[in-house]
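Just the one chain here, the form predicted on its own, laid out as structure tokens.
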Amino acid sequence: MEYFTTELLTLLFAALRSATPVLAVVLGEAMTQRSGVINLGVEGQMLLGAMTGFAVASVTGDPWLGVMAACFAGIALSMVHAILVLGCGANQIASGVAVLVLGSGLSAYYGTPFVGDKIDTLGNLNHTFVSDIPLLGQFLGPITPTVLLTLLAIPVISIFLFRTRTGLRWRSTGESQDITRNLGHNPMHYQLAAIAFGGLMSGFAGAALAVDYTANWVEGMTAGRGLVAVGLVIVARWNPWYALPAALLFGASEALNLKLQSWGVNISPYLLATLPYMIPLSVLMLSYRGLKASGGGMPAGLRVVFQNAR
């Protein structure tokens, strides 16, 4: 029984740490889509954030500066999407793909000199009072600041979105821009802020992956996490409170993949490596069917985006 409990807790906290970059992107993209804008470029923003954060941490020796630089890089690239969509009226799907490709190319080109570098990490809760907590201390000890900050973002974003007047206008912009205009506000301001916030969170997610989780930079290291996160926004029903269980789908699948390999399960490791994508994709398909049946959850502004994309 003790062995089973230990293995279960190990898997749970490994899933939480693995899910953190995805959770950050889900939160940011949910806020973006709540304003009626979808941004498929979060994968490119993640990559540019990861490369920038790692490069700054490597040059300065300060991982926190790397995290801040990654956030700025994510915002800067998201502004390309904002200019194309809000300024030029471009198709949101096409613009997002362009941002994705741009971020992938920039990170690959400018990140080449930093491949193989070593950096200092952000540290963890080991050697604090947390590690002395009976039973849970050994599992909570490896938790890092990016995990805590991302978890803290859930209630903060939820309170802002559902308990403030600005949050109400943010949501009304995603439902109908006419409502926001009738209230005397410019919906473009909210959509611009929403895209920038999505860029900040995806840049932060890149830093969590490169500066904190792996302390390494490799071209294409996000491996589709940003695109998975866009799909998980649907699973989370555009609700920050549901973002954690949705992101844990990816994290638990990735942790299970590693556990199965360590247990020597006789399945190809290449096939096991598809688990973090197959399981969330299966849940997304089931969730989407439920969404179509209920007709609820999706901001009305997004329906217009998808209808125009057909």
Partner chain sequence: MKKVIRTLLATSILAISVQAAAETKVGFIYVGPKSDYGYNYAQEQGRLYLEEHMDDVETVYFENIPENADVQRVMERMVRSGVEVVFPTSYGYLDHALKVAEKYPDVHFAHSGGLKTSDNLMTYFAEIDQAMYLAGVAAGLTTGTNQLGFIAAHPIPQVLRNINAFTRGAQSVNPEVTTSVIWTSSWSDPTREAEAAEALISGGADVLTGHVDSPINYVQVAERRGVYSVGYHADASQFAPKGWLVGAIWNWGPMMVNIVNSAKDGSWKSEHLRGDLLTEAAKLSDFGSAVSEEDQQTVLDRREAIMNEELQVWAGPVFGQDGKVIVKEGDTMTLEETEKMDFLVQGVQGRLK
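Residue numbers count along the first chain shown, from 1. We call the rigid core whatever largest set of C-alpha positions still superposes within 1.5 Å between the two forms. Given the structure is predicted, the values throughout are model-derived calculations rather than measurements.
Missing here is the form predicted in complex with the partner chain; even so, the following discussion is about that form.
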Is there any non-hydrogen atom of Ser282 lying within 4.5 Å of the partner chain in the model of the complex? no
4.5 Å heavy atom contact, Ala108 to the partner chain in the model of the complex: yes
Looking at the partner-bound form in the model of the complex, is Thr10 within 4.5 Å of the partner chain by any heavy atom? yes
Taking any heavy atom pair closer than or equal to 4.5 Å as contact, tell me whether Leu227 reaches the partner chain in the model of the complex. no
Which listed residue (Leu244, Leu258, Leu65, Val59) meets the criterion of a heavy atom within 4.5 Å of the partner chain in the model of the complex? Leu258
Since exactly one of Leu152, Cys88, Ile159, Val101 fits, which has a heavy atom within 4.5 Å of the partner chain in the model of the complex? Val101
TL;DR on 212-220, 234-242, 190-198, 77-85: the one with heavy atoms within 4.5 Å of the partner chain in the model of the complex is 212-220
For the stretch 44-62, I need every residue with any heavy atom inside 4.5 Å of the partner chain in the model of the complex, listed N to C. none
So, superposing on the core, is the move of Thr60 at the CA at least 2 angstroms between the shown form and the other one? no
Quick one: once the rigid core is lined up, does Leu244 have its C-alpha move by 2 Å or more between the shown form and the other one? no
